[in-house]
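What follows are structure tokens for two forms of the same protein chain, given separately as structure 1 and structure 2.
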Structure 1
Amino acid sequence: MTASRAQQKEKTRRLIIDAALRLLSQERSYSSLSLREVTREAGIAPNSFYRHFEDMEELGLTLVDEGGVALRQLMRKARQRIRDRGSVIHTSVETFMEFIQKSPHVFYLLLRERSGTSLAFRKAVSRELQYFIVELADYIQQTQNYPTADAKIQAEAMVILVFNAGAEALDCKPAELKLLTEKAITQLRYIARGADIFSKGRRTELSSSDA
């Protein structure tokens, strides 16, 4: 029952990843973490870090990827809920807010590195958000059959606003959380409505030229 070398290594790797994630908070950004700090928290020697990651940047990108996975799981859950209860906007926003409450550490990372100092990080976070945006745009396009470009612009605005609401949620008392959620929902409804009006003209143009 001795663990294989690969298994043991993976285990330590996870120690590092979890330690880094644990250290993230509203008062602590990833870029402010030192290598030694992470290894200390993980309970290993500083040098052991290098057996798993080239440097802190590589670990960071790994964390962003992990965050992306968590986000996509969330997305799947939201889709399920939408099928069950209808109301895309309401369900999406609420699911996202629940996610932030449940795993804030991941959100700290994504929120900050999205506008951080490392281009690699910014790109990585942006890539994760694109999954959301594309998926949402698809949904919009299917149910409303807008032009693709319009749907994407709309989806992007929505994701940004929800993300922003999440950021605000971190600083607010639980009592205000509901209000905040409602605000985001209202904003998304504005967009949905507005985009609908704007695309209506072009949509009919398209269908008549298609016909």
Structure 2
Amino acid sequence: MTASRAQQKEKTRRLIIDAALRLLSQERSYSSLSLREVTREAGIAPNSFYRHFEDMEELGLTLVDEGGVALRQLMRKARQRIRDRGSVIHTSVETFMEFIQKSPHVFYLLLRERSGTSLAFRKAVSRELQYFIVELADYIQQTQNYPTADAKIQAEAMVILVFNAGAEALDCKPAELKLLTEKAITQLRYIARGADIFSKGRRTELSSSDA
């Protein structure tokens, strides 16, 4: 395949992905989309779809994967920017909320398919959430020097809380979004503070038992 043909194939593949995302909304789930509808939105013939995806399920799994990767990369950059200054919780939550406002279709997909009828989609979204948890747990462990198990528990609580807040944010007006963001930041700080107290208490108990 020549470079120009490969570029054209990738361009068409991208048209299909973007078309499917545009069709998603609060009222429309991925399962309600048809192949013909997606290809019509992409401006290509239905038969061209099969040169890029085996079926609609493969396209949907690609959307889940791309959405999760894009969000993880964004959150990773947010943590890197404030590693030596500012609040990681504040910056991370604001970054997450900005992503939802700019890319609601991606979050609609992740949110809906998390509890959808397709087992393959549920597993894919669950896998993306686990990636978030693992990355955040690693960050907590490195910065707070917590045991692996404690860092994972804290990370899981934080990720679930933020994703639930994200679901609520989809229907918020600007003023409501500001209040929701502030509430999520406060709740995450409660979790972080509680984890810190718990970790210090455990260390004190271990020191006493070793004495």
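Residue numbering: sequential along structure 1, first residue numbered 1. From a predicted model like this one, the values you see are computed outputs, not experimental measurements. Whichever C-alpha set is largest while still superposing within 1.5 Å between the two forms counts as the rigid core.
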- Note on the structure: Only one structure is the form predicted in complex with the DNA, namely structure 1
- Message: Taking 2 Å as the cut-off, check whether the CA of Ser48 shifts that much or more between structure 1 and structure 2 after a rigid core fit.
- Response: yes
- Rigid core fitted, then: does Lys11 show a CA shift of 2 angstroms or greater between structure 1 and structure 2? yes
